[in-house]
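This document opens with one chain alone, in structure tokens, the form predicted alone.
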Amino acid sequence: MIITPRPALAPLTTLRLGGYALAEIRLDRPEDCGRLPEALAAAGGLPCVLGGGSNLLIHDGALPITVLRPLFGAKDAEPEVLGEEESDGIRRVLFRAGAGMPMPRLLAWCAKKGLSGLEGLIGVPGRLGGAVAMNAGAYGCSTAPLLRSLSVYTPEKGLHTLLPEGWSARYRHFSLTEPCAWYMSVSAVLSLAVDTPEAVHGRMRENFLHKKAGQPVHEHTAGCVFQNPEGQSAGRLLDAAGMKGKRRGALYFSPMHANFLVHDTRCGVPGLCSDALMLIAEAKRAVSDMFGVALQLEVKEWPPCPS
């Protein structure tokens, strides 16, 4: 466990926005969880779990939060293969990976092994724990249906393992069924279908080329800002409402895809979360006025709004 006082948060996110936390607590081994209560009591503030920082909009200034960084498995070369199962006549491989494993490295391993199910997440820069927490998905895949068990830490029960009845998942949402103030993923067991490495790699390549053609994959973004309303595309609604290219300070909605908020770090103007929030509010009003649709945020805002 490594504790850093008053860390800058912007460098820890893909959007490169945010102020300072009270402290950052890095956890490299599951055994570190036993020291968390004491560390959190000393640091103070609201505990907030940060993975790859690829889906976060963090406020400016000094923030009353302590950041937990679960880096379990971040340095491991490969996931641990546990065995096989058969489901609906499909041969599947079970494996365990730490919540801190970067998704690009996990997907590269899946392609090498010929394991199918996560191809839609190609190009996602986050970590496995974040993919679980958001039930991340694209191109027909979602993370939650592939989970067989999840090891988590909660302040109420400490480190423990859950089976599928222990969580609830829907579109871009994942939560534990047990009552808890917050949770942190430690490791996950996933089940992926067996295929050929060539087929898995081919689907990943096709998905990435499609994503690259329509999304600002090489810019500083936090992914999609808004969830897609049922049966509709948030990007198309925002485009029709005139938000594509709309700018405030160093932040703007991408001309490639109106549902991506981009931070222009080269424009010479400091990037501010307040500018991002004003653009988001303007986008919500524009879509509501034109279509009567209330857009819901997909990015997570820190500090989080009280539930």
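Heads up: residue numbers just count along the shown sequence, starting at 1. Small disclaimer: the values here were computed from a predicted structure and weren't measured.
There is also a form predicted together with a small molecule; it is not shown, and the following applies to it.
Residues of just one listed stretch (121-129, 195-203, 230-238, 159-167) have heavy atoms within 4.5 Å of the small molecule in the predicted complex: 121-129. Only one of M243, L56, A250, C273 lies close to the small molecule in the predicted complex, with a heavy atom inside 4.5 Å, and it is L56. For the options A188, A136, L106, L115, the residue carrying a heavy atom within 4.5 angstroms of the small molecule in the predicted complex is A136. With a 4.5 Å cutoff on heavy atoms, V262 does not count as touching the small molecule in the predicted complex; it lies far away.
For P79, no non-hydrogen atom is located within 4.5 Å of the small molecule in the predicted complex, even though that partner is not displayed. Contact check for V49: a heavy atom falls within 4.5 Å of the small molecule in the predicted complex. In the predicted complex, the small molecule sits within 4.5 Å of a heavy atom of Y183.
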